[in-house]
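Listed next as structure tokens is one chain, alone, in the form predicted alone.
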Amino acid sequence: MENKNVKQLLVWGLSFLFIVMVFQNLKAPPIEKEIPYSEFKAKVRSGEVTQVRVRPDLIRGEYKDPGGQARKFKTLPMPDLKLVEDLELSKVPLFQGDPDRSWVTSLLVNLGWIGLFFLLWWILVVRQVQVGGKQAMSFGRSRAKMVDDKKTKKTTFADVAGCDESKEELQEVVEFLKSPERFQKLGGKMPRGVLLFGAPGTGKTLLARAVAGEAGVPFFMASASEFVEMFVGVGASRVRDLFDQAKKAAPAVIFVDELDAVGRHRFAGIGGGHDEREQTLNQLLIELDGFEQNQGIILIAATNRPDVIDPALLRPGRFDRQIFIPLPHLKGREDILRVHARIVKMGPDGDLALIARRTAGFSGADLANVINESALLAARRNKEAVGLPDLEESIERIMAGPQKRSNLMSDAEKKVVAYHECGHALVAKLLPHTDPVHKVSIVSRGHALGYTLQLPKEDKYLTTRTELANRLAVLLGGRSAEDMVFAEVTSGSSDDLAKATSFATKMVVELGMSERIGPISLKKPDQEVFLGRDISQKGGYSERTAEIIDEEVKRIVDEAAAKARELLHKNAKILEELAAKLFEREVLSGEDIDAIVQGAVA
């Protein structure tokens, strides 16, 4: 960037100098009268000449006419050795010599101006055309970056936590790269490709870098979207160039992120399959397992949508290994937190095991953000180390957003929000098989005026129909509390209603939890978003079935709302006490809620 600025400054400086010199030379020369040499000598003797400039080929000067006005003159010199003596005898005030301006000198001066013009033309025009031509020719070059471990910190499996099974699968790939002869002597072949798939933030890119770091081989990193351009054939050319670079550095690892950008199902659009993206995919298929064998190159790709990847990519011989990267379990979350806490000064109360229990469902990226946010909060509070309050606050910031104490509500609205949130909390407290309430607040966070924070005690992989029904009742507890206390409902329940409807629909359509529908799944399979395939798809069920689904969804939601209303009516005094305390304090912890509920029951 600095070189570019220096070049621009140089160009503008030369241009300015050129213009100034041109203007100076374009100045109108003074009118000079050409006189014979004899007349010049006569004027010298008579004392009329006041200035003389002598050149071997020309004499110029000034003289005064009879009226006393100065006039310019010029004359061609004659061989006259006594000219200087005559000038001295006539007491000419100023006479001097000029440099020799022969035809050679004039030619050199003119050539200099021409050269300066061509120099500026070359800098301003030709260089720009050359750069543009190079850029045009570089369209077909791969934009993959080769990661140099000498300049960057080497990533190993020690930097990856929370996915031990996935690391074991990839460890075999590392062994292939380190000592391929060990497997080849038994007839084994190195896997061509490894597809990492899972939710965003689970560590797919980090695992790929760890493979290259463990094996100590060159690592080429590219995004699938970089292959596709508006020009036909560019993507396929870039794929070829990427594999050519990897062949020269083999054994090597190529990592392509977001593979679904070029690896989606072919022949999905109305216009047929001859488009740039599909040409790129075809070239990738050839490079993975085509006529020419690529020895010593392993392609690792990552995607969040394995269901849309073309089947030709997933067959053996191309992506031989398909490794699922799950969300971390309890022990994995604790390990991830400890990895990211290495560079953070933790206080004695920074209990990472407790934080791991309170972050069920968090991805590795979320957990890294928890540690980073807690460090920023501690620094903002001028603390010496990160403590448990900072970690808990960072969890709430990630789940619900930052606090907005500037959102000042009226007492009437504040009271409605207090009853709404206490309705959620009380129903969650009274119903079994629901996540414990960790905190209730009427301090705004994100888009919410208040929130009820429930944190599970342990990881769960199965959910019963009763648990889902109770979860629906908790979601509708806030709206039920508003209706019971104020005989009116507000717009604050919109998000609760959307979530409740989504849960109920999933129970009916996907999970077979409706007696009228029965144990069948009516969910449409995930398909391409292209227009051609969407047109060819038929609905998964009839209009009559759709009506039954709507009726069942409404029934499930109504039953959950009735359950929440019944619980709140039976415990109206507890609800009132909770709302009063929340209105007063603005925040209630899980222990505060337990004390109020248990005191009322006793």
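The first residue of the sequence shown is number 1, and the count goes up from there. It should be emphasised that the depicted structure is a prediction, and the values quoted were computed from it without experimental measurement.
Separately, the form predicted together with a small molecule exists; it is not shown, and the next lines address it.
> Which one, I300, L259, C163, C422, lies within 4.5 Å of the small molecule in the predicted complex by heavy atoms?
Exactly one residue meets the criterion: C163.
> If the cut-off is 4.5 angstroms on heavy atoms, which of these, G193, G478, G203, G235, is the one near the small molecule in the predicted complex?
Checking each option against the small molecule in the predicted complex, the one that comes within 4.5 Å is G203.
> Where, among 358 to 366, 501 to 509, 278 to 286, 343 to 351, do residues come within 4.5 Å of the small molecule in the predicted complex by heavy atom distance?
Result for this chain: 358 to 366.
> Would you please decide whether I336 lies within 4.5 angstroms of the small molecule in the predicted complex, comparing each non-hydrogen atom pair?
Judged by the heavy-atom cut-off of 4.5 Å, I336 is in contact with the small molecule in the predicted complex.
> Look up in the predicted complex whether D159 has a non-hydrogen atom within 4.5 angstroms of the small molecule, and give yes or no.
Because a heavy atom of D159 falls inside 4.5 Å of the small molecule in the predicted complex, the answer is yes.
> How about A249: is it within 4.5 Å of the small molecule in the predicted complex, going by heavy atoms?
No.
> My question is simply whether A199 lines the interface with the small molecule in the predicted complex - judged by any non-hydrogen atom within 4.5 Å.
Yes - in the predicted complex, heavy atoms of A199 and the small molecule come within 4.5 Å of each other.
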